[in-house]
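Coming up is one lone chain in structure tokens, specifically the form predicted alone.
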């Protein structure tokens, strides 16, 4: 299966916009989703996540801009796109009297016209992939929320899609169910690209490679998750613990043009600094040397502060909301 686009992205949107009755539900969205990534699509309620997913699936048309999936235009080549995409709705519905095996068999027959044994092999493969082989022949009405979501992922994956779009796949699940769904998502990485919307930030931090944050219909940030957690620009902070006569070193570091602020706090005979910098490369290259110019000073620890995703999300959404 050749799913590479010329720029290595499965999804590429350009100024994608959707307007309802004069209100911008989505405005100028530019996204790039790399092949075989797990891409977390974040935002508060009403941010435009569901609108984006509907357009990618061809369920509604953009007002302006465009989107390519596998280099195919979502408007002009919607049917060709959908043949290569699997989709799981936030609240999948089933025929409750049917078993998981019957459900997957029913779904598979929409895609395969070949020998029955090949269809059965694919159904069995999907049951094993999502960990439902031991419950394959039980009625779905007895399934837990997590088991229903895993069955939904198996349904969405049954046609070997090159892109899997999941709408809030772990919403309303208990911790066990969430863990099981995330495990399946991680397993699927080698088979497909996963684009999923969610509001559960801990889950995103666990499984995602890349993250986009949407707020009020606009893109606030898009980056590899580690880049967001490390901070960028004025949000890059270094934690330094030093001992000795530190006043000279503090003055040298504080007057550097790439230092935005330096706060110091004494702690058990040592001093802890938080240094907010505008240029991380300069800080990495110069800060330790500046401190150690004074031989009476020793550095006990030095490192870039890592944020958690909730801090990053609330900071970015809060700043955007003030505009």
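Here the structure is a predicted model, which means the values were calculated and not measured. Residue numbers count along the first chain shown, from 1.
Only in words, not in the display: the form predicted in complex with adenosine-5'-diphosphate (ADP), which the text now covers.
Stretch 37-45 is the answer when you ask which of 292-300, 37-45, 274-282, 253-261 has residues with heavy atoms within 4.5 Å of adenosine-5'-diphosphate (ADP) in the model of the complex. In terms of contact with adenosine-5'-diphosphate (ADP) in the model of the complex, the residue from 50, 286, 63, 32 that brings a heavy atom within 4.5 Å is 50. Comment: adenosine-5'-diphosphate (ADP) is not present in this chain, but in the model of the complex one of 16, 309, 11, 25 has a heavy atom within 4.5 Å of it, namely 25.
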